[in-house]
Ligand code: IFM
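Only one chain is given next, in structure tokens, and it is the form predicted alone.
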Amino acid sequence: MTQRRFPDRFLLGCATAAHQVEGGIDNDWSRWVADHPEAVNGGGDAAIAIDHYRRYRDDLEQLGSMQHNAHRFSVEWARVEPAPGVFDHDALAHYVDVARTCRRFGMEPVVTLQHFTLPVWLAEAGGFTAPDAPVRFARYAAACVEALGEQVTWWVTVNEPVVVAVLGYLEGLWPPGERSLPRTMAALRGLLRMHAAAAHAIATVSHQHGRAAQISIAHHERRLLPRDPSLRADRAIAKVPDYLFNRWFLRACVTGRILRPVGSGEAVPGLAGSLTYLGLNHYTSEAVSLDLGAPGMLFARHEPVPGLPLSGTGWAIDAGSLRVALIDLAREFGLPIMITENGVADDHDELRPTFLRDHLGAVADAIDSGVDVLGYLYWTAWDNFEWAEGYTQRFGLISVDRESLQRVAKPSAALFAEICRTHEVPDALVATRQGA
């Protein structure tokens, strides 16, 4: 059996988000946690997070020393535009230096403009449903591209738009804490328009400066399978959430229209052709069955796929699902794909080495099948603030002591560093995956 080698230009690194690591941010999420401390498992907040805003140079040097050649981070909108139309040039200069520091340590920067959080002033005006949110997001995007564009080619407009709409407006677990299907649909329409406006701004500003720009969303793909494929009810009930969660937003971007049932097919300026590559966030697959007691969830019960091992979050660990997702997305949309997130919660670093081997092997399988995979960004570099899960879920390659904030690399970080150095999944790792 031969070693599996990734292409020389293949990107390997980690993904992060500003609110989860930086500390010192006043946005809708910090206000939400202050008003609803019970909403965070185990308590805690991101007031300090891991203090990455001050420690970013040392942190990025640590990743560079591990042979990472890419790093995804997000710009915090609330820092850059603390009041409507008022831009903080010191904050922009900070993120320029983050991108420059990535390059200094050999890492291609991949920049996200909106990773779940909003400035307080926009949240109070309606958030994703605000009529002027697309225009304001485009203005912010243009400012970021003007500042960072010399350092950055790879842009992500919105991270997991369907996830943030569902958790904030349907399940009420995230800000603004609503539980309304019509409001969820309104948020999805707003997010689609925001992406289109930002994509147009990125392309326009980049063209004005003669710079290349690659643009995508970070699409969350969670394959939804009938719990019992022999039951017609389970097969039928899985189709609607699978379409809404895994395909609606992407197909709208391709057609340029707000597709049913979220819209009536109305065209959105700048939406068609707004994706030049596809960012893919993939963690797990789920089993879906009929649940007449869950009208708010479209009468669908979601649970881990039976028979698969579970992560610290209780999610099924399913490397084969990543391979299938890559193949299916490439077949339907014909775009190169960057895995912008893939990771596992694991308190004691027992699951992560095998997870990395299996999932990188699945990526190699997809490449062998003809999929143009640009790179793999593990979620995440450091144990951090995981939204409603607080600090109870540890996805990081590097642990962070909550008192001293000392960073200590886990054994899995050394495994990933060796893969980053060689661009290979060694024989023994592939053998382990295929024999599982």
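In this text, residue numbers run from 1 along the sequence as written. It should be emphasised that the depicted structure is a prediction, and the values quoted were computed from it without experimental measurement.
As for the form predicted in complex with the named molecule, it is not shown, yet the points below apply to it.
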(Q) Whether Q20, H115 and W315 jointly form a contact site for the named molecule in the predicted complex is the question; each needs a heavy atom within 4.5 Å. (A) yes
Q | Contacting member of Y391, Y53, W379, W29, with respect to the named molecule in the predicted complex [4.5 Å, heavy atom] | A | W379
(Q) Give me the residue from D358, D346, E341, D242 that has a heavy atom within 4.5 Å of the named molecule in the predicted complex. (A) E341
**Q.** Contact label in the predicted complex: D365 to the named molecule, heavy atom within 4.5 Å
**A.** no
Q) Is E386 close enough to the named molecule in the predicted complex to count, meaning some heavy atom within 4.5 Å? A) yes
Q) Does the named molecule come within 4.5 Å of any heavy atom of E160 in the predicted complex? A) yes
(Q) Taking any heavy atom pair closer than or equal to 4.5 Å as contact, tell me whether Y277 reaches the named molecule in the predicted complex. (A) no
Q.
Among the candidate stretches 115-123, 132-140, 146-154, 295-303, which one is within 4.5 Å of the named molecule in the predicted complex when only heavy atoms are counted?
A. 115-123
Q.
Using a 4.5 Å heavy atom cutoff, which residues in 281-308 contact the named molecule in the predicted complex? It's fine if the answer is none.
A. N281, Y283
